[in-house]
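Presented as structure tokens, the chain that follows is alone, the form predicted alone.
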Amino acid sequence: MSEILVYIQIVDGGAGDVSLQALACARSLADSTGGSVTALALGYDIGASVADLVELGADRLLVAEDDRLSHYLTGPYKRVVRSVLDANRFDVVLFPATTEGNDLAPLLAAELGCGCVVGCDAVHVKEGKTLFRRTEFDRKVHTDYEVTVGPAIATLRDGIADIPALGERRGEAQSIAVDLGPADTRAQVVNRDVVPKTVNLKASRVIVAAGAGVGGPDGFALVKDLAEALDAQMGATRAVVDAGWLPADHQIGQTGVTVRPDLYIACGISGAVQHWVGMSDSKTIVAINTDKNAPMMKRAHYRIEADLKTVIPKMIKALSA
């Protein structure tokens, strides 16, 4: 039997996508072992926004609400999660592999003296053991980790599971006290500016992405024209975002968003592992590059070895015919 705790990160006033995927993963794990799932959400005035967590897979929902939790800070958030871990027995503790989750999980593991696996792609049970899988070495190797000193703490990557539809599950919702001392609140959020999102790449079925190989503004303009011709969203590597050609929410990869479109057209993208991990699950990948030895060219389903300044105008012409 596995007693599982899932940390729910609050994003834009509700439970974040990766946290909901972690909850779905926990539900599957608990069903296979005869265990139960507890969801833990921290923030301020969030009760109504996380009420659906029970229907989405939790047997119990714990909510910590306090104005000192309005913005994420390591100290107070770690103290509240630690108090929950001290007051309950959990075999497995799951966090989303976000900046917030990857900050909290190792710190709590260090305090508790237990094992922590960061950035897991899958969780499964084998011979009664809960194993955490990571894809490593340029996605060439799957490695299963077992945590022998518990509770087993892990962060789960985007794509770990599908978010289920609301069900008929019933469970317990409980408010928990927030007990913070002066040491926990030494840091304060003085100001917080949120850049509004300009695109939702996760929901995009067709993505045309630009990399450093577009060469400059002229090449980038052609890629943009192709995206418009396909009624597609624009994606980018970090180099393109750093150059200021697209906002940061267009960045795909390890430090950006993970996408799974039906069609992904990589224009001038070498295919470094940092980018590959963010789009490798695309159903069809088309690569346009002059370098036939680029990793993206070797991995793509379809490869066009040519200058994009020659190829893209022909593609646009064919689409408009």
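Note that the structure is predicted; figures quoted are calculated from it, not measured. All residue numbers refer to positions in the sequence shown, first residue = 1.
Quick note: we don't show the form predicted together with a small molecule, though the next part is all about it.
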Can you tell me which of 101-109, 150-158, 175-183, 234-242 lies within 4.5 Å of the small molecule in the predicted complex, counting heavy atoms only? 234-242
The listed residue (Ser36, Thr290, Ser70, Thr284) that reaches within 4.5 Å of the small molecule in the predicted complex by any heavy atom is Thr290
Which residue, Ile10, Leu308, Leu20, Ala300, has a heavy atom that falls within 4.5 Å of the small molecule in the predicted complex? Leu308
My question is simply whether Ala294 lines the interface with the small molecule in the predicted complex - judged by any non-hydrogen atom within 4.5 Å. yes
Contact flag, Gly213 vs the small molecule in the predicted complex, heavy atom cut 4.5 Å: yes
Is it the case that Gly256, even though its partner is missing from this view, gets within 4.5 Å of the small molecule in the predicted complex, heavy atoms only? yes
Verify the contact flag for Gly43: yes if a non-hydrogen atom of it lies within 4.5 Å of a non-hydrogen atom of the small molecule in the predicted complex, no if not. no
